[in-house]
Structure formats: C-alpha cells, structure tokens
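Next up, structure tokens for two forms of one chain, structure 1 and then structure 2.
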Structure 1
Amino acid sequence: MMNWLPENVSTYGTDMDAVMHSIWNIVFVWFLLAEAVLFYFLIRYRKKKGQRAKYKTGNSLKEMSWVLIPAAIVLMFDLGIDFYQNPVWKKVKIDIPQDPDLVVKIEGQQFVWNMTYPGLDNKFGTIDDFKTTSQLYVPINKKVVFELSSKDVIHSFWVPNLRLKQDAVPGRVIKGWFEAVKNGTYSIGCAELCGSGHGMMRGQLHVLSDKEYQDWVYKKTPKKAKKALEAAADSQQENSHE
C-alpha cells in the first residue's frame, strides 16, 4: 500500500508513512474480520421455512456485549494508535526549529498561494523582500520554517511529497516546518474546499541545491535593493579598513 503514496522527500516523511501504514494494517485486518462475521450471520441466520424472526431488545448484559466488546476493542486500538503517533506529531507540529535556515511567509488567497521571502539580508520588512505566486523555492537539506496565514477563507497548504498538510485560518499565523532531502519539483495543492476555483489552487515546490537557491534569490531581489545592500557592504568594508 505504501507504493500508492507519492515519493517521500522530507526528513519526517518516513515517520508519517509508518503511522499511516500501521493504521492501514489494523483497519484492513478488522475489515476482513467484520465482513467474515457479517457473511457468516447472513448465511447462518438466513430466512428459513417454518421459522419466524425474533426481536431482541438488547437489554441483557449478554446482548449488550455484542456492542460493548467491539467498542472496547476499537477504543483500545485507537489509544494504541494515539500513543504510537504522539512522538511523530510532536516532531512535526510541536518541535518547530528555533534556528531555521530559512523562513518564508505563505498566504492563502482565492485561488493562489502568495510566498514572501526575506531576500538577501534574510530579514523581513526590508527593501530586499520579494514575493512569488504559487511557486515555493527552497534549498535542499535545510530546515525551512513557514508562517502560514489566509487572506479570505480557510485553505489547507498541502504538499504530498513532504507529507505536509496544514490549514490556513483567517486571522491567524500558524507556523510549520519541513526539510526537503531530494532535488526536484513537487506539487502543492489546497486540501480545503475554498470556493469555485478550489481545484485550480495549485502550485509547485522547487527544491534546489544551495548554490542554485542563492543564485535564484539574487536574481529575484529588486535592483534597488541590490545596489543599496552592495553600497552598505562597501561602506562597512571601508570603515573596517580605517
């Protein structure tokens, strides 16, 4: 079943796949068992000539056990899955890197993803900030933290190859992270019905080498910002020589 999933290219994707694999196995086994019992009952208690159907109130403990025992088994497996997936949830959703290599702001809007980059100085709110539309560029093997928001309705930022899905809620900024481990271009979608153009709200994740990424950032940085930063660097260098 794991072959049905798109290729995993994130550091925590293997852990996510292991959780899903365990859930599929549990559900598949109990599905077969439940269907076997169902067909047995259909045959064993089928309509027969000379026999009338009986009505059971379900008030006795023996009769109630047909519901209580399966419910207890389901609860046991549910708690087991929760216990098993808790470390993965903590890694993906709670332990967000405090010293990321890159921070990107992502805003959902009917029907595009707006990406804001900090530019060459790696700081937001300065003249070298720039934006892309539905195209997310990141360096390989680097921890990327994103600040996700929505301009209008609820969206859901979904990158299957990263095993990443996070809702974007109006009025909130939600942080998440990932680390891509393979170069390439991968699909971005919206996993929350957000309007008539929901199906067209697609984008691409581009995982580049470190040099390719730095070259791309330099190319995207506004010319005025480049000149200002270069002038500041030259001035700082002159002052250091003095």
Structure 2
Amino acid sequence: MMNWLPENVSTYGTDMDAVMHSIWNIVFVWFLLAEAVLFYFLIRYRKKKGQRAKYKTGNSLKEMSWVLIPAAIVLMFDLGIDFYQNPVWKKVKIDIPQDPDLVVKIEGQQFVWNMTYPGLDNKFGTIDDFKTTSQLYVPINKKVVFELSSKDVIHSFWVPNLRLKQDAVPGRVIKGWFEAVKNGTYSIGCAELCGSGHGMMRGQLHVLSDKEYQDWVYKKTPKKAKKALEAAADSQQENSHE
C-alpha cells in the first residue's frame, strides 16, 4: 500500500518511507491474522443442528493467556515500532542543522506563502533581500533551513515529495529543515484549514542545480541592491589594490 507514496526527493524522506513501509507491513500482517482467526471462527463455529456451544468463560489465567500472549506480542511490536521510528522524528524535527547552506523565511498568509530570501550576501535585513510568492527555489543537495511563521491564522507547510509538514502558527517562529536530492518542480500545499481559500493555497518547490540557483538568485536580486553590492565589491577591490 505504501508504494502509493509520491516520489521521495529529500534525504530524510528515505528514512520516513522506511518507517512507513515497516509499520504498514507489521500492522497489516496483524490485521490479516486477526481477520483470519475471526473468519475461521465464524465458519467453523456456525450454528449446526443438534450441537451446543462450549461453556468457556476465559476467566482462568490459562484461558486468558490465549488473549494476553498475543497482546503481549503486540506490545513488543509496539515498543519496537516506537524505538525504531523515534530517531527519524528526532532527525526531522529536533536536530535542525546548525550550519545550513541556505536559510529562508516562509510566512503563511491567507492564501499564499511569502518566501523571503537573504539574497547574495546570505544575510537577512540587508538591502539585497528579496521575496517570492508561493514559489520556493532551493539548490539541490544543500541543507535548507526555513523559519516558518504566519501572518494571520494557522497554516501548514506541506510538501508531499519532501515528506515535510509543519504548521505555521501566528506568534511563533518555527524552524525546520530539508535537503532535496532531485531536480524538479513539486507541489506545496497548506494542510491546515485556513479559511475559504484553503483549497487554493498552493505553491511550488523548484529544486535547481547549484549553478541554476545562483543565476536565479542573481536575477531576483533587486537592481539597486546589485549596484550597491557591486560598488561595494569594487571599492573593496580598489582598497585591496592600494
């Protein structure tokens, strides 16, 4: 069933897919076993003329063990699943890289995503910052950290191909990260009901090669900022010549 998942394009997506596949396989086997026993009993013990049911209360420990032992095995599987999947949660939501290659600010707003880029100098609050609306461009194989916030109501940043979902809560700045491993264009949605336009709150993730990404950033940088930066770079060069 889990092969219905959309193509995975993030690093941690591989771990998450593995978790989902294993959990599904475990629970589906249990489901089939329980159904098989149930249907076997239904057929085997259907009403037959002249026969009488057995008086079995299941109150003795010996009889109860027919239920308690499978339940204990369920418990072991439960704990196994929990310990197996916990590191993945930690990797995705807690261990946010301290040395990201790119930091983007993403702000949810009814009904668009506002992305703010640090621009050429990789610093926020400078003249070369620029914004895009609902279009997220990232370089491939780079750790991207986003700072998620919301202007009005709760939104949820949802990129199925990255296996990424995180709510944007007004009043909070929530950090998250991803690393895309495949070029292409992928859907972004809002997964938390945010008002009448919720279903139309769409965006796109563009995973570009390093070169394409640099070109794109250069293209997007405001002319004024470019001039100022170039001037600064020139003067620096002149200074170094002297």
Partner chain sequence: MSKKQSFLTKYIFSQDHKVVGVQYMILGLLMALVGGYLAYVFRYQLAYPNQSIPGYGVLEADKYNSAVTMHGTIMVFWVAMPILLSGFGNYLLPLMVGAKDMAFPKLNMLSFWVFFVSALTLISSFFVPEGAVGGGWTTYPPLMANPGFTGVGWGAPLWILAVALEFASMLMSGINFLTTTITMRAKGMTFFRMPLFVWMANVASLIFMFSVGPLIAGALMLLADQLFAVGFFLPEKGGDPLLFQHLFWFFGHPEVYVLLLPALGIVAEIITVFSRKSIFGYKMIIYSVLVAGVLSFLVWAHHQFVSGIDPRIAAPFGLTTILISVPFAITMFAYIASLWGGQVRFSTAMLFAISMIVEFLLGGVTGILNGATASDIYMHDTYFVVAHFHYTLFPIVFLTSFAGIYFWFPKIFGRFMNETWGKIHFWITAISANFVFLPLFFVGIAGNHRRIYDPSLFEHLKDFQYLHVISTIGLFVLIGAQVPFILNFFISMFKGKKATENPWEANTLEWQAPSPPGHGNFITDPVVHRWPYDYSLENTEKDWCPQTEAI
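The shown structure was predicted, so the numbers you read here are calculated from the model rather than taken from an experiment. We call the rigid core whatever largest set of C-alpha positions still superposes within 1.5 Å between the two forms. Reference numbering: structure 1, starting with residue 1.
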Open item on the list: Does the form predicted in complex with the partner chain correspond to structure 1 or to structure 2?
Closed with: 2
Task: Co-membership of residue 82 and residue 180 in a rigid part between structure 1 and structure 2 - done: no
TODO: For the two-rigid-part motion between structure 1 and structure 2, write down the angle in ° by which the smaller part turns against the larger.
DONE: 19
- [ ] Mind pulling the C-alpha shift for residue 53 between structure 1 and structure 2, with the rigid core superposed, in Å?
- [x] 13.8
TODO: Determine, in Å, the CA shift of residue 37 between structure 1 and structure 2 after the rigid core is used for superposition.
DONE: 5.9
Open item on the list: After superposing on the rigid core, what is the C-alpha displacement of residue 26 between structure 1 and structure 2, in Å?
Closed with: 3.6
